[in-house]
Every structure is written in C-alpha cells, then in structure tokens.
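Take a look at this single chain, the form predicted on its own, given in structure tokens.
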C-alpha cells in the first residue's frame, strides 16, 4: 500500500528527477528522508508493481531515430506467436492487440530507415506475414501524464 511519502517520491521521479551524482539523496532531502529509504521505497514499489517502468524517455527524432506505427492482421490462433516475433526486436517500443482489421499494432523506432525495413522484413519472414501496414507520423503530440 502506498503512503504519502511514496506519492511524493513518485511525483519527484516524474517531474523533477535531479540530474546530479546522488539523485536519491537529493530527493530524500526534499521530503525529509534519507537516501537509503528513498531507494528502498522505489525498489518496493517496483516489486509491488506500483511502478512499471523507471527510466528516461528521449526525443528519438532529436537523436536521429526514425519511428513509425505499424499494423498486421493476424488470425486469433496466431496472435501470441506473431507478437513474440515482433517483441524480439529492441526497436519495438509498444505492441498491442485491437479489435478490427488489422488487429495487431506496434511501434518501431530504429536508427535508420534501412534498419526499420530490415526489422519489417525479418518480422514478415519469421512470422510468415505477407503485409505490414506502416503509418509515419505527420505531426507529433506529446501527452504528459502525471500520476
């Protein structure tokens, strides 16, 4: 069960993570807690599933990466197998099942257009898929969520 200190830690992790040599000490100083307690609470929240991801998010375009949304239509009995093939690639950031056609959607962020095409070719071959629909973004919207 999360208490007020846990919520304060999460807020600081989301909004104002300090880029210093001892970030957890600085977080602790802001909420009247020692560094070890901050680290212990974060570890507990990760273990309990209250925190699913803890790490930075980068602007992939500014780093020179090429991304796109992709979709395939997969029979229900092959969804897990095809999703496993797609998920093998570090460049796949999201993969989710939706109602309708196509039904399996994923995002790819690769270092180059050539690498992205290699990934699509490997997915087609390994998953025995004929077509991958791709949708490049025309405009980027950044949605900020603070919990």
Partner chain sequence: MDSKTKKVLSELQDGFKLETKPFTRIAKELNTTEEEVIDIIKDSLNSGIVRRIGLAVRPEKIGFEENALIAWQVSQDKIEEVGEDLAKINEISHCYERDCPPNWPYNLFTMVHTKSAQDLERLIEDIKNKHNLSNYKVYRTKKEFKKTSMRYFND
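Only the largest set of C-alpha atoms that superpose within 1.5 Å between the two forms is called the rigid core. Computed from a predicted model, the values in this text were never measured in an experiment. Positions refer to the first chain, counted from 1.
Absent from the display: the form predicted in complex with the partner chain. The rest refers to it.
A.B. asks: Taking the partner chain as it sits in the model of the complex, is residue 48 near enough to touch it, meaning that at least one heavy atom pair lies within 4.5 angstroms?
C.D. replies: Residue 48: yes, in contact with the partner chain in the model of the complex.
A.B. asks: With heavy atoms only and a cut-off of 4.5 Å, decide whether residue 114 touches the partner chain in the model of the complex.
C.D. replies: Flag for residue 114 set to no.
A.B. asks: With the cut-off set at 4.5 Å between non-hydrogen atoms, does residue 16 touch the partner chain in the model of the complex?
C.D. replies: It does: once the partner chain is placed as it appears in the model of the complex, residue 16 has a heavy atom within 4.5 Å of it.
A.B. asks: Would you classify residue 91 as touching the partner chain in the model of the complex, given a 4.5 Å non-hydrogen atom cut-off?
C.D. replies: Residue 91 belongs to the contact set for the partner chain.
A.B. asks: Taking heavy atoms and a 4.5 Å limit, what residues of 87 to 125 are near the partner chain in the model of the complex?
C.D. replies: Heavy-atom contacts to the partner chain in the model of the complex: 87, 89, 90, 91, 92, 93, 94, 95, 96, 97, 98, 99, 100, 101, 102, 104, 105, 109.
A.B. asks: Taking the rigid core as reference, does residue 14 move its C-alpha 2 Å or further between the shown form and the other one?
C.D. replies: Yes, its C-alpha moves 2 Å or more.
A.B. asks: Superposing on the rigid core, I want to see if residue 60 changes position between the shown form and the other one - specifically a Cα shift of 2 Å or more.
C.D. replies: Shift of 2 Å or more: no.
A.B. asks: Any idea whether residue 67 and residue 15 get closer or farther by CA distance in the model of the complex, knowing it moves 3 angstroms or more?
C.D. replies: Relative to the shown form, the pair is closer.
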